[in-house]
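Take a look at this one chain, the form predicted alone, written out in structure tokens.
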């Protein structure tokens, strides 16, 4: 019963907000819809001429991930990336990066009752399957106490670890890991001493 004034104030605020939104919406008149001719491009529909549109300069694009397609047109989606099933580990790009998964995990069951990853990556089975065991940090609770089995905080592997794919970057990237930067600096030092 004590909350009746609060509920009344909340309803009043909502009504005022709706009224303001309605008043503002009536002042602006929407542009009349323009017909869009479509052509079939595989399983997707694309506005005619979308693939031939001039891309705006990089500084004027709203979203670089649109690959130069104007905002009012729909482009073809990029092809699905293929999972690299090579079992070759990639280098980590930065310290403490969760390693990527170098094999397919299609149809792996990971739920509260079962974790298919632990068949190979648990401490007990890692030697048998020649798989890297889960890090010791995966067996620690939030108080840094070691557990006999994997911590519930680390049980769902693919919340941090992802499969490796042959996907091309959607946005250009000039990231260099620390080893590359240090080797470039070491290579530049002899040249500076020679000059």
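Positions refer to the first chain, counted from 1. Given the structure is predicted, the values throughout are model-derived calculations rather than measurements.
The same protein also has a form predicted together with a small molecule, omitted here; what follows describes it.
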{"item": "Interface residue in the predicted complex among 145, 135, 149, 165, criterion: non-hydrogen atom within 4.5 angstroms of the small molecule", "value": "135"}
{"item": "In the predicted complex, residue 120 touching the small molecule (heavy atom, 4.5 Å)", "value": "yes"}
{"item": "Residue contact check: residue 154 to the small molecule in the predicted complex, 4.5 Å heavy atom", "value": "yes"}
{"item": "The small molecule contact in the predicted complex: residue 100, any heavy atom under 4.5 Å", "value": "yes"}
{"item": "Exercise: residue 115 in contact with the small molecule in the predicted complex, heavy atom 4.5 Å", "value": "yes"}
